[in-house]
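So this first bit is one chain, no partners, the form predicted alone, shown in structure tokens.
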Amino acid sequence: MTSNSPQPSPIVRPGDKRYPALSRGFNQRWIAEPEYVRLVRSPEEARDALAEAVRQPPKDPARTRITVRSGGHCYENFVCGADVRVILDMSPMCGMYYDQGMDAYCVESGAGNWHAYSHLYPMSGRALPGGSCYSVGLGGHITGGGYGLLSRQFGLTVDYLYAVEVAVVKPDRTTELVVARRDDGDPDRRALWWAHTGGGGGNFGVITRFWFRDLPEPPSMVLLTGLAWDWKDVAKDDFVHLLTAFGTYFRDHQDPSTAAGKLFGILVLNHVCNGQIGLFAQVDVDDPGGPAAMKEFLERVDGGIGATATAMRTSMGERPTVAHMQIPRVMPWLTATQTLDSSGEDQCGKYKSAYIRKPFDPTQIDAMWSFLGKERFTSYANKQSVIQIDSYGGAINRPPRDTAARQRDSIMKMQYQVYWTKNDPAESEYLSWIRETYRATFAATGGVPMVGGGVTDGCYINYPDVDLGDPQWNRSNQPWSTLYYKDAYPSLQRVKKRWDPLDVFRNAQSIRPA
């Protein structure tokens, strides 16, 4: 007799050939040894798999955490850590479609950025204004706020979030699926929706689906460029001009209704051993002012330095080497997105972040110049050591509604990155470089980009950094919770207490119940 009942969701245990790949993520520093990895294919499977995991006693008392993976891009050991007992892998849930009942586009949490570009856009002509690394999972990306090259023009992904579906654990250890809407009549469910507009992933439950309303239509065509300067030709005055001009341009062009306010730039400050500094820029050319905005931007940044701009010849952090873009090229938006769509190699890595509200001050520029190898770390030899500075603001700073993503008056966002291969004996040196460089940049505020006035405004939860909780590296009076969430943290704690009262979903920087 043939049964019509569905097959149970796949479980991958030690000894299965899939296990080594599914028990790690993008950052090869963190490799878990869970009892099993469960592949989830539907919201109901997520609920039932969570219920089963919660009921099971741990075989090893040192491994007790249940974690959730969408794309595997968590930078710290929050998903793939030594204390993880079960991983719920959402990657089979990668659909996206228009939901007539919700009057919204539904995006399943296992989908990645590339699914949103290659499926949602061709189907609907609309897009999430999210990230440019194709394999980043939307389950984590969206909940941290989510930004990308369209964000100055259209805002953050969470600015369009209408509803979220979450499998949660109740006080009696049973589970349920909850749909929380922006306009929910129940204040607890409405607060659960709000918590997913910047509260970060892995805090409240297993996210299964998102719904978005009024998603923007990206431009048909954009102008894209990628150029570089050879470090050997860059004098200190050139470096000062480059960082100052980049910051003042985005300070002065914050109106997303103008072409210049839509332009997105990425300045890649590689360590001198890399050989080059890189610059990417993209602007909407459906807007007739797009070419003029690009021309003004490049003249502002490149026009005041003695070094001659040239083609990229080397790695640019997670960005691809765009060797034939020194002269800006017009191309379809989707083609340009694919051109820049890279996650880099899966290596070991360490990351740090900062929101920047004003152009860099002289002490910050001096610190970056020094620690990029001009005065400190001069014999350092890791070419994949980067300070990346992205443009920010525009529509991000004019949110349509209240969200948990609180940094809404910055003009730049920084990401410090360093990469190495597993078992590299110089790992401690690479960690010293990124930690000391970051601390020196923000020395005036305790080694971190403090919230509350001045140039900085905290850190990005999607680039988690456990050093923010270490007094050796954070000598300010602000804990990691303030640096990530600002004044939203107490409200997030109340949501945590209501929807995850047993603290099932926890890590070194998870939201603590009120």
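The structure presented is a predicted model; accordingly, all values stated were derived computationally and were not measured. A residue's number is simply how far along the shown sequence it sits, counting from 1.
The form predicted together with a small molecule is left out here; the points below concern that form.
The single contact residue among Trp30, Tyr489, Tyr460, Trp480, judged by any heavy atom lying within 4.5 Å of the small molecule in the predicted complex, is Tyr460.
For the options Pro328, Gly140, Gly261, Pro218, the residue carrying a heavy atom within 4.5 angstroms of the small molecule in the predicted complex is Gly140. By the 4.5 Å heavy atom rule, the three marked residues Val79, Gly201 and Val206 all count as contacting the small molecule in the predicted complex.
Remark: Leu372 does not count among the residues lining the small molecule in the predicted complex, judged by a heavy atom distance of 4.5 Å or less. By the criterion of a heavy atom within 4.5 Å, Leu192 is excluded from the residues contacting the small molecule in the predicted complex. Although the partner is absent here, His115 lies well away from the small molecule in the predicted complex, with no heavy atom inside 4.5 Å. Proximity of Lys350 to the small molecule in the predicted complex falls outside the 4.5 Å heavy atom cutoff. With the partner omitted here, the stretch from 308 to 316, 425 to 433, 275 to 283, 146 to 154 that lies within 4.5 Å of the small molecule by heavy atoms in the predicted complex is 146 to 154.
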